[in-house]
Structure formats: structure tokens, C-alpha cells
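Only one chain comes next, encoded as C-alpha cells, the form predicted alone.
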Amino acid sequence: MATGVINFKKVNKSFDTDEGVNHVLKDIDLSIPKGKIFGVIGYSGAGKSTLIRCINGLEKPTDGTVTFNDQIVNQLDHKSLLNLRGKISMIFQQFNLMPGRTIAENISLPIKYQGFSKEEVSSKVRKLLDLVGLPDKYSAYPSSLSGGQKQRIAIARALINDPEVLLCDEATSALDPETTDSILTLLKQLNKDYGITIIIVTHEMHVIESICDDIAVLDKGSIVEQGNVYAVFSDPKEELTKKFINTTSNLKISQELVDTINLRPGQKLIRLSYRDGETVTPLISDISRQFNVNANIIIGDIKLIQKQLLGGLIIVLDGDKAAVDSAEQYLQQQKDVEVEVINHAR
């Protein structure tokens, strides 16, 4: 495994409960590259929050090691952990702003006892407010802000120490879709402009496909799949990964829809999933010309992930039965597309 800025090696985490031992993390091996946006996805209870809290020492593994650069996080003393958390900041689902303090006071809290003058603190806060797009909120209070604004303030507070790593624990789960997209755009810009390594734990595949470079899929405490986001999206190996990907795909087709498409003899309902983001082959035109068949597009879904095309079509092939069979066989032979016959008339 390549060495990243953060590395998990055979990490286990267990908690004693009234019902017995709860194994939350199981033999986690994970390397997170410097300067990347890394996503960890899983359902509630998969162990995502425990995993991310092992990175900054809020949780300590039962065994195994978590390293940040050359430091073994789970072997650091209290003072060293405090220093580490100046380099690894964190934002949360519920923002964790202090309601009785102004926005400026909330943002500056992490550096309150670091010896900065009032002028230096004020300057840093104002620069961060400009950065997150809220320059006029210096003297406001959290109660006057929307959810998206509160999360922007939480991001500003997390950046006050100029961290190398930003941990995001379900940071967009409490936000509406439009606000979520604006926060994701901000995080992506921070990563691009400042090279901050960002680690996002989420149960939303939309978050992963929008900004992440790499992904790890967590299930019941174990990593079941990991890799480059495009590679995982285009060719998922595990059923859990496929379920997550389906939540963002328009190529899902219900049995009810299948039943409403009355196929005539010889027709086939087919799903085409493109697997090569650099290739756009005119397959519909090809099969129409070569085999004299019609291809009726029922559903189309093409998206851009990591500047590569991903998606596909659901079509009805229509024509002479032998020609339809030949067209399907031709499609099956194309290396850049996956073909699935959903239904066919008898």
C-alpha cells in the first residue's frame, strides 16, 4: 500500500457494551494521499465517525496504528495531541457554534490562547470570512444565520490554524441539496487553492461523486471496496457499492416501469452502461446502420465525474428477431460498454 499523509494499519476498535463487545472497526488498512479529497461512505452504524475520530485522536484504536506524516497518532501524549489538532481540523453535521458568542469570537476560539494580538486575530477572522463568502457577519450571532451560513462559519473556524487536513463528519447531512452543493463547491475550492487534504465521511453518494478523488466503502466496520472514484463508479465490485451508486443514477428501472413497456415479439429492453470515460462511441447509429434495427431511447443518464463521462442508456431494440439478436451480440462485444438485457418479448 502506498504511503499517504494519513495511514491506517490493521486498525481495530471495540467498545464494551451491556450486550457484549461491539467491534466497530475491523482490520482497517487505508492510505489517504496528501492533497486529495478522500471520501468514506457507509450506512449509519458502519463505523465512519469512529474511523475519522481516530485520525485526530478523539478515539484511540484497540489495536493497530494510525499515522499522520511520521507521527503515530494513537501513541501521542496529551500535549502532542493538542499540537496535532492544530494541523488536523474538523467540521461536524451540527456546526457546533457557541450561540452566546459573535461569529468573530466563534471563528477565533481555537487561537484564543496562542498569543495573537487583537489586531492579528481580527485580521485573520476577516480574511476567513471573505474566504467563505460571509464578510458582513463579523459581529452577527449564530442564531441569525441559515444552516449553510453556519457551516461556512464552522469551516472558517476550522481554517483559523492553517491546518494541513480537514475532517468532515457528515458535514452536509443537515443541509438542503442546493446548500449542500454550495458547501461542496467551497470545500473543493479550498482543496484546489490551498492544497488542504480533505477527508469526508458521508452516507450520500452525491457528495462522493461531486468532489472526491478517492473512496473507501465501509460496511459493518470493514472496508469492502476502495479506489479511485471514477474506477469504483464505472465498475463497482460489491453489492453495497452498487446500491450506493444506484442512489445517484437515473438508469434504475423499476419492475413497474418494465411491466408498462409492452414489448412486441423480437424486441429487447437493454441497459447500456458506458465504462470508458474517454470514449464516446456512436453505438446507436452503428447498430441502426449495420443491422437495420431501431433503438428507442427510454432513459438516458450521462454525468461528468473527475472530468470523465459516466452513464448510459436504457433502450428498446426493435426489428427482425435475428437482426435484434445480432445487434445485441455486437453490443456485448464492445469493450467500453456493459450490456444488460432487462427484458425481452417472447
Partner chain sequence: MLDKYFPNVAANWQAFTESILETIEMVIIAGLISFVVSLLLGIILVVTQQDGISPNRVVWNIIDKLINLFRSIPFIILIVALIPLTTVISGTAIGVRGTIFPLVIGITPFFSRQIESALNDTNSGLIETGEAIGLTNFQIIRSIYLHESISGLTRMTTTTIVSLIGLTAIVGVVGGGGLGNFAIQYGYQQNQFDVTLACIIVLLIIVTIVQILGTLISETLKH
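Numbering follows the first chain given and starts at 1. Treat the numbers as computed from the prediction; the structure is a model and nothing was measured.
Not on display, but discussed next: the form predicted in complex with its partner chain.
- For Lys150, no non-hydrogen atom is located within 4.5 Å of its partner chain in the model of the complex, even though that partner is not displayed.
- Contact annotation: Leu58 falls within 4.5 Å of its partner chain in the model of the complex, judged by heavy atom distances.
- Taking the partner from the other structure, its partner chain in the model of the complex has no heavy atom within 4.5 Å of any heavy atom of Pro265.
- In the model of the complex, at least one heavy atom of Phe92 sits within 4.5 Å of its partner chain.
- Across the proposed site, Lys242, Arg275 and Tyr330 without exception lack any heavy atom within 4.5 Å of its partner chain in the model of the complex.
- Note that among 227-235, 204-212, 189-197, 84-92, the stretch whose heavy atoms approach its partner chain to within 4.5 Å in the model of the complex is 84-92.
- Among the residues Lys112, Arg126, Lys252, Lys220, the one placing a heavy atom within 4.5 Å of its partner chain in the model of the complex is Lys112.
- With contact defined as any non-hydrogen atom lying within 4.5 angstroms of its partner chain in the model of the complex, the contacting residues in 83-104 are Arg85, Ile88, Met90, Phe92, Asn96, Leu97, Met98, Pro99, Gly100, Arg101, given in sequence order.
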